[in-house]
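In the form predicted alone, a lone chain appears below as structure tokens.
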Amino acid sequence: MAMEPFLSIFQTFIFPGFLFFIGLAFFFEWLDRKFYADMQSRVGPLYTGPRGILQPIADFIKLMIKEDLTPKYADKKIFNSVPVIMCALMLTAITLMPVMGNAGIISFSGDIVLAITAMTFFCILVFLAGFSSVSRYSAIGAERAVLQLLGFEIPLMLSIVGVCIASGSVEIAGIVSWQGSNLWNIAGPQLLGFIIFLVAAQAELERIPFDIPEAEQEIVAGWVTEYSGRKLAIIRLSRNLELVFISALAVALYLGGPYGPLVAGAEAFLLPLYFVLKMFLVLAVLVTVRAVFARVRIDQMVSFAWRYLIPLSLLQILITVLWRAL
């Protein structure tokens, strides 16, 4: 009993808590850049650490010690607080991820709603960051982010609704547990939902072909144009944490969470290993999409979402209801 508080602190801050996911975020950034470079016959990170594996950490440290500027006419309270809130939001959201079993560090009935809300709030923070900068480029990027949100948010939520109906639970632990005793969701009627989820996740992460709010060839860096130094470093870390969070959420909802072939006595090692390996698989799909496609216009993105993704999401829910009834 005396060890329980220390165990709780260890799980929250070390493993599978904040430090573990921050380290994983840097590692995911390196993998993302390496995979992307390989698919385009480039080198990618190379010199900092073995095969450049320490480059994301070096970039973070470099930004942290650079001059931190705030535009003269910016709304300083919002402008300065948004990066911190972004990071805190993602660190809170990842505590829901079931790395070592059915449930994460935080688990309660309806926690899937909190996971969806965290992604929505992140997009709202993107808008606030651009709007508070009082820059024409940032303002355009913020407007694009909101318009993009109207396109991908509905199919993203509908794809998750299908998973909840199939498993009969609105709790991440219940969804993972259901897959542990049945087929993984990707092997059933939720395959279509998994595809829709990944497309919507690509837009949530503002990655090609949906990097419209940050289109550097058009609006410099979009909503992040005026950020520099420590604030930019924290924003980049928050983006990496969001990539880890969405990859982990896809694993929990569709790929059976941490479950796989187990050996008696090795569960504590194998469960996190399976979970992280499945996250790498999701990342590989996201990187492939990023490398294969070119950026679309904001009107094309919203039109694609409303004409195709939303009807397909509704069809997937209908198929799930019929499948569960039969």
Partner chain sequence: MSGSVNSGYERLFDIPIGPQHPALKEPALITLKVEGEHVVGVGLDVSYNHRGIEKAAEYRTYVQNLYLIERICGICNVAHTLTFTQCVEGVQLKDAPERAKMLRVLVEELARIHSHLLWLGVAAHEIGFDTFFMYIWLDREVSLDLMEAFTGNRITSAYNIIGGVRRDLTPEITAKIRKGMDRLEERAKFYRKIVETEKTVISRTQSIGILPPEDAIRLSAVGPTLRASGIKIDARADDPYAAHASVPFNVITCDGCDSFSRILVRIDEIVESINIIRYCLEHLPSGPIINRLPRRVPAGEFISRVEAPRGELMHYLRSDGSDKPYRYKVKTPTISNLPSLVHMLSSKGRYVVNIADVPVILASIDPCFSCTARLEKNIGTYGKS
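A quick note: this is a predicted structure, and the numbers were derived from the prediction, not measured. Positions refer to the first chain, counted from 1.
The form predicted in complex with the partner chain exists for this protein as well; it is not shown, and the discussion that follows is about that form.
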### Task
Name the stretch: of 263-271, 23-31, 61-69, 292-300, exactly one has residues whose heavy atoms fall within 4.5 Å of the partner chain in the predicted complex.
292-300
### Query
Are any of the heavy atoms in residue 36 no more than 4.5 Å from a heavy atom of the partner chain in the predicted complex?
yes
### Task
Please check if residue 178 has a heavy atom lying within 4.5 Å of any heavy atom of the partner chain in the predicted complex.
no
### Task
Spell out, yes or no, whether the shortest heavy atom distance between residue 220 and the partner chain in the predicted complex is within 4.5 Å.
yes
### Task
Would you please decide whether residue 136 lies within 4.5 angstroms of the partner chain in the predicted complex, comparing each non-hydrogen atom pair?
yes
### Interface residue in the predicted complex among 250, 140, 112, 237, criterion: non-hydrogen atom within 4.5 angstroms of the partner chain
140
### Summary
Note: exactly one of 170, 198, 208, 186 sits with a heavy atom within 4.5 Å of the partner chain in the predicted complex, namely 208
#### Entry: Interface residues of 34-48 toward the partner chain, as seen in the predicted complex [heavy atoms, 4.5 Å]
36, 39, 40, 41, 42
